[in-house]
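As structure tokens, one chain now follows by itself in the form predicted on its own.
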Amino acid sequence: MENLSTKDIVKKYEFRFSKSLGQNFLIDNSVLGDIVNSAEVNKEDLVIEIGPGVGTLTKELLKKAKKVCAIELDSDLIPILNEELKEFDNFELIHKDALKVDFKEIIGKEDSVKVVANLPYYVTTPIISRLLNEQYKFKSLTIMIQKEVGERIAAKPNTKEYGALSILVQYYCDIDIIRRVSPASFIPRPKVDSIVLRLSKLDSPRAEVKDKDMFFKVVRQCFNMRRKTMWNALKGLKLPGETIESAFKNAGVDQKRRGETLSIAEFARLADSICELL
């Protein structure tokens, strides 16, 4: 079968891009190769691809994976993907919103699951949050996202990029920055640079906490009011002042610090101290 480029396929089917779906298709083969290589896909892997576009990356993944299950929301892309990838018997296409898909059903009893995605800006955080918070059994998540969001994910304490998203991802994963991607690598061209990250799931979270909900509640509270001291930010938990004060003291965290200065381990100690006092 002829190996058509993304541009060729778009032209062949007279495909019209949807602004509302934030569609930008990758046309740079070197980036495509880097995504496939960094995902380290092999014949034991079920690959879940979110947002396959016209299937250029999907085709490369299909050559290496045991199976690729692609999730696509745009109805106009479904017949294109079915036609362009019909030679592969290890391909499954799900026409659905990735935020509503039952990932547990897709994964089933598979032991080696890897997620690959070129995510539009507007769904990046909700999809990553869902994949991590709902404890799906995957080994890695290789994603191409807006550079600014990627920098927030990989940010360290004491930087302006560091926030609740940094902590969420770093709590569950190791992060590798694979490469930056310029707007010229896509059609249509986005207005911003992109970045490819690989998130490798840790065997257990980076910090052991007594109550995960409380941990993330404390984190969110501190970053919702990031310019305030943690003492002021945590008033939002509606706990007695003496409880919050004791929690800071027991955790060995100065209540005058701001949330952006705390490591994951410090947030964990503080959240555990609050739990012990309730």
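These figures come from a predicted structure and were not determined experimentally. Numbers for residues come from their place in the sequence shown, where the first is 1.
There is another form of this protein, the form predicted in complex with a small molecule, and it is not shown here; the text below is about that form.
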*Which of these stretches, 234 to 242, 215 to 223, 36 to 44, 49 to 57, has heavy atoms within 4.5 Å of the small molecule in the model of the complex?*
49 to 57
*Could you tell me which one of Asp97, Glu105, Asp89, Glu208 places a heavy atom within 4.5 Å of the small molecule in the model of the complex?*
Asp97
*Between the options Val196, Leu165, Leu93, Leu73, which residue brings a heavy atom to within 4.5 Å of the small molecule in the model of the complex?*
Leu73
*Does the small molecule get within 4.5 angstroms of any non-hydrogen atom of Gly150 in the model of the complex?*
no
*Tell me, yes or no, whether Leu77 is in contact with the small molecule in the model of the complex, where a contact means a heavy atom of each within 4.5 Å.*
yes
*asked:* I'd like to check something about Phe267: if you look in the model of the complex, is any of its heavy atoms closer than or equal to 4.5 Å to a heavy atom of the small molecule?
replied: no
*Look up in the model of the complex whether Thr142 has a non-hydrogen atom within 4.5 angstroms of the small molecule, and give yes or no.*
no
